[in-house]
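Quick heads-up: the structure tokens below are two forms of one chain, split into structure 1 and structure 2.
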Structure 1
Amino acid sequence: MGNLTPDLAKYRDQARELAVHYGLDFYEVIFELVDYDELNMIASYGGFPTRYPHWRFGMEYEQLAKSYSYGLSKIYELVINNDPCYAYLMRGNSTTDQKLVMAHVYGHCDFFKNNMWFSKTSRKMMDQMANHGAKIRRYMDRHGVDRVENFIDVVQSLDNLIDVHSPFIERPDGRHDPIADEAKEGEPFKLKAKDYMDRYINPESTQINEEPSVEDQAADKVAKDTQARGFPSRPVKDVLKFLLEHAPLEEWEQDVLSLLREEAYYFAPQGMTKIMNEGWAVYWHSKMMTKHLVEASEIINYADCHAGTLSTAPGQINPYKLGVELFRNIEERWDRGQFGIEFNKCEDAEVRRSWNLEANEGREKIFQVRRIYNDVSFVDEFINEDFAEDQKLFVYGLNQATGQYEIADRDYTKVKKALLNSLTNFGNPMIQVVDANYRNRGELYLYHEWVGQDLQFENAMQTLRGVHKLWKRPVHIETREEGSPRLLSFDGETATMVEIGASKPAEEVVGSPGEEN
């Protein structure tokens, strides 16, 4: 396993034993000892040395290498969600650092294996990535590097348009049974009646009278057909999938798109659980290190490194810090029985603080939390007033008068709201396909669910051009600027941004984008 020195192998075994002892449950971990350059290289590929070739990884590498050589940054840990897990240690780090990283890695691996959001990720991604690489290289040989690379550029710029929840949803197709529907539509209007009364309550004569004229019927049918032809029949969040299935792509393009979409889905849970995942790993490295692994001579070194990991800057949330504090807070609360209706009803701060039922359910609780939550639900469920106050959380905003960012509020509901906002859809705008036959001309209509923050318009327009490259017909995206609706369009030649439905109330615009203009 790996290429560790005998010393490091010894520490690894210790850390592993401890992890098992504490009940962590992980895929076996293979540690590789690499030098800084190799580490930068692997990190540029997102942890997969065999990934498909693309200039963006080269760019990443240049930045990492530069920032390392200027002493600005250094990668401590790199761990891959796979069975077995791969983790990279940097040669030349101090023994203390290596121990810490190893303990930390076991935390991550446990999280990968047990958190439900990871349950649908491929555990053979190392191999899959290599396969993707081989395929894409083959396409490059066949169709030319530039062509394939340009296509990848486009797909990469869209790879946040996926539906992270979709792996968990058995979605009904959304289509009705057309035959059954038609039969129902053909039936004339009836009052509700029991079988034996039907004849009397809905006599045939009245029905004949109510039958609309033939012309009316025909017009009605056309209208209904048009409505039914609306495509997709309900908004589609997984824009990539929609393009994969419906954009006029060549076979190799479809294949590349599906490979990259797969990779996007593989990485998505890591974005959804950043706070939890890091918090969990920090919780375990600190427990294992301080209770067992650190020797007296190493304590300063350890404290230094640990503190660096948890340092906070005023304008930022450090996911390591927030995560571990919240886990510890939960453990303490469940140890002391500070949960449930009675505790929640209690308003006396003194009593709340000294509340202790010696429930000792803390450890059990945090294991449960790490299994079923993601960052959004984690923050939503567990940050309470006491925690926000203890952690000195605040919301900041731009003060127009001074042009400075200032602390705006410490009210925990507001903190929570702002935090949740930034975490939703892991910080990406929600964009859906609502109409693929817009204006009955096969144009693609995307809809951005505006929740208070504008898109970066220049970027959006560029991205739209990318969508057009795939869709090959005019493309549109509806969004808002400071609350008022805008339509960004690109028809292959000109890019426009126009106000839409200015006279209509905002609500009407939301659900029915196809009816504008």
Structure 2
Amino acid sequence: MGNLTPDLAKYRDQARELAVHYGLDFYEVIFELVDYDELNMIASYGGFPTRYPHWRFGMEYEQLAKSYSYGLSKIYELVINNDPCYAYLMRGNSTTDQKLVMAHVYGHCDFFKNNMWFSKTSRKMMDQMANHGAKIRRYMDRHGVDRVENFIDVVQSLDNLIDVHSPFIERPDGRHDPIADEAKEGEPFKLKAKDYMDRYINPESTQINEEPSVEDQAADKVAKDTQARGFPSRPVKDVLKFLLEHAPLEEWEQDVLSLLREEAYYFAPQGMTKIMNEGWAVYWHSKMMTKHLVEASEIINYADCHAGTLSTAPGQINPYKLGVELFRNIEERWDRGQFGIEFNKCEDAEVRRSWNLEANEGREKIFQVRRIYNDVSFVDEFINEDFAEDQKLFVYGLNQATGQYEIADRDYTKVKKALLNSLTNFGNPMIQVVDANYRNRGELYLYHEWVGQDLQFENAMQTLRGVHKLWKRPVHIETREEGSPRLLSFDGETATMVEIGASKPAEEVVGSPGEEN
């Protein structure tokens, strides 16, 4: 399958056999050979060439094309989490590069299939993206390109307001979000439907003007009690889902919001495992290339490409470098038995360095780590002082006198804390819906879970404007500024910030922005 040349097909088969030999487990991988223009186009669509049309993808294509033309960047590989997996190779790459990329891709495909955080993603997303694109094109034909595209703009600006853990949470009704399971035994049969369409597809009553049943009366009482307590009854982290179910949207808007939310959940695990995923792929391409695939005449080219992949500037984190070094460190530690109660109690630095019980559990351990961790837990559990010292994970600062970056602090815990903050929720603020009837006016009240980092107020206001376009009524968000409580509000015309407890606005934040396209 695919359009590889005979030589590339031979290298692909060699890489696949090696991957199987090393214990990697993956779906079928289809490699497609494309030129740089096609690869830039596919990359601009997030790897899905049949995706819905939108101006943002055109802008991303222009940026990629110019960056390639000016020699500023180059895409070596692009692989899609799907069954089968699709991977794209650039025609202009050298044979050495193509070997490296194919070995790298098999590492990614193993990670996609076996990492827990990808277990709830659709494995037929290539087909689903095509279906999404067809639906949105029909809506554009029916309601106008500008109207649909403007709505997509709003949703894209809010697509990080999801709960990335919700697919793993079993709901009281026995379902998982965002995909509904089959009905449980003893429950009435229900057709599969998205949550916001369920009341239409599976109406609770099919009789007209019938007397409410005892069950219906009880449900009505529960609904009224819930309203009296407040709505929602508990904070909702998946803001998009809440808007999908309760905002006054037209049916086509509900459908588009549902499709884009589904795509946001598909891409979320990639953001949650960037360091691990890239580190795992580098680990395996390095092993397969150096031990099996590289010929003597290719050593220099391979070393140059591999070094470029792992290069890191002071004060920055390269996920490829950090990921592969951490996997190698874990393997070495578990091979030498540098884990467990006795090792952790040892405070003699020399003894710790020479500690070797010949446990030989490293390969088994890294496969276990690949299966159950994400970047946050990976970094939190396995970066220790020894690793930080070896990798020079220090706090860097710019020396104004010399103009050079220098080590400002050797406390690795500060780097680790900053790294964990940047990885938690992708570095985005954690926002929840806490009241959909604020002040008994149908206004939406959001809460920012403040953990020491203030909101960027202009970004927060942009978010409020986007939510307002869907909710159609004033929107508020409670947050903190340097520890002091603040309430940011947007009523459709004016954005304000007030101190919570103050009787009047502390300041106008952005004045009267009006409506935007």
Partner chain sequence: MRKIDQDHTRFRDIVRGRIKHDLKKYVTSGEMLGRQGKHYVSIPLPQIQLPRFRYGDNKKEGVGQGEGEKGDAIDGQESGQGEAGEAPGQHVLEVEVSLEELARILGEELELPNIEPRGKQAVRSTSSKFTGISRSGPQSLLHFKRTFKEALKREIATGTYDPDDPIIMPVRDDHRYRYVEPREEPQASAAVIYMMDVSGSMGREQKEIVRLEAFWIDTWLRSQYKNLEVEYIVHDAAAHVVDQHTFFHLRESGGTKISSAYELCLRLVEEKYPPSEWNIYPMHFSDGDNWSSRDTERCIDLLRNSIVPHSNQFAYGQVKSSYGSGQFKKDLDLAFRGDDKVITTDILDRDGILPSIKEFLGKGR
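Residue 1 is the first residue of structure 1, and the numbers go on in sequence order from there. It should be emphasised that the depicted structure is a prediction, and the values quoted were computed from it without experimental measurement. Rigid core (definition): largest C-alpha set, two forms, superposition within 1.5 Å.
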property	result
Structure identified as the form predicted alone	2
Core-aligned C-alpha movement of Arg51 between the two structures reaching 2 Å	no
Large Cα shift (2 Å or above) at Ala134 between the two structures, core-fitted	no
Gly308 C-alpha shift between the two structures of 2 Å or more, rigid core reference	no
Between the two structures, how far the Cα of Tyr396 shifts once the core is aligned, in Å	3.9
